[in-house]
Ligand code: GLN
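First, one chain by itself in structure tokens, the form predicted alone.
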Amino acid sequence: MDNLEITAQKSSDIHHVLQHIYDTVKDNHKGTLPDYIPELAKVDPDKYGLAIVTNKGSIYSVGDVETTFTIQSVSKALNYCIALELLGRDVVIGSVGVEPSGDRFNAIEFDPRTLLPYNPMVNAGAITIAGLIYDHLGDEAYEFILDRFSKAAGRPLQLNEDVYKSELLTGHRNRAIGHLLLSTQAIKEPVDKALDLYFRQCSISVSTLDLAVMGATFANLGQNPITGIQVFDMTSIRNTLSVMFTCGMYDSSGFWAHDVGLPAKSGVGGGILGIVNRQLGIATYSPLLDINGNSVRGIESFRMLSDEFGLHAFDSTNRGSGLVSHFFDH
């Protein structure tokens, strides 16, 4: 069997696995749509997509992978990486911790030892990160973030105006968090500018394929494997992946690390982004959420993928991700 035939066989095997996962998971209708952001409660609950992009640019997908949705809290991981690059680790760590909180993602609760947000993956931490970026870039901050997100996805992204306006009208809890952050000097005036940047970053529209390419960009040491553009700094990626692993899945991050074993970030828009370092970006989209705000179908999909391909960081078959190399490297 020559190399072309081996490559074709591997691709067939991967697509077969993805199709099996899709067929198994698609009829799971558990979970609910988030109604505290009215626009998110209007989406089609049956949409479901699964995509994998390798660090060499190969794409494997099934389902509604081109359906767009708002990135929501997945943006927190990208923004944290941007903040580390712009401001440096010491400045960022001086404003936001890296410890799991054990509280709801929108909790009005800070670390009692430091009076800082527990980590950048909860709302308080992400609003602080937005404040730091705004303080550094001023009114150009949103365009800078949108451009960086677009380069990571490999195509121009846009704001979902309806979701943005919906968040502006209903984001009272986040405003309360913002003003509490101001009172502890975690962020500076003008707090409304930091909040607006946070609402905007969460309202950027992406597809499952976009998230998978973003993940592959992280996995590929910050270089988009499809466009070849260097998007993120390597050191910032390392620190971001570490926090994603311990804090990225809201209040079920411990179970995720135990069962799936990958750095990941979820969003209440229904997306989940996962990364196999140096090898893969993985993304799912399904808007029905569990009680922690994570996509029900998404979590089930990642569990099956992790088991099938030995993706767990501590899997006995994952000898430096050798099993991944066997399936995905061409």
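Heads up: residue numbers just count along the shown sequence, starting at 1. Not measured: the values here are computed from a predicted model.
From this point on, the text means the form predicted in complex with the ligand, which you will not see here.
Visitor: Among 196-204, 217-225, 85-93, 239-247, which stretch has residues with heavy atoms no more than 4.5 Å from the ligand in the predicted complex?
Guide: One stretch meets the cut-off, namely 196-204.
Visitor: Looking in the predicted complex, is the ligand within 4.5 Å of a heavy atom from each of Y36, E167 and G267?
Guide: Result yes, every residue of the spot touches the ligand.
Visitor: If you check N160, N123, N79, S253 against the ligand in the predicted complex, which one has a heavy atom within 4.5 Å?
Guide: Selected residue: N123.
Visitor: At 4.5 Å between heavy atoms, is N119 in contact with the ligand in the predicted complex?
Guide: Because no heavy atom of N119 falls inside 4.5 Å of the ligand in the predicted complex, the answer is no.
Visitor: Any chance S150 has a heavy atom within 4.5 Å of the ligand in the predicted complex?
Guide: Taking the distances in the predicted complex, the answer for S150 is no, it never comes within 4.5 Å of the ligand.
Visitor: Though the partner is not shown here, which residues of 43-76 have a heavy atom within 4.5 Å of the ligand in the predicted complex?
Guide: Residues within 4.5 Å: Q72, S73, K76.
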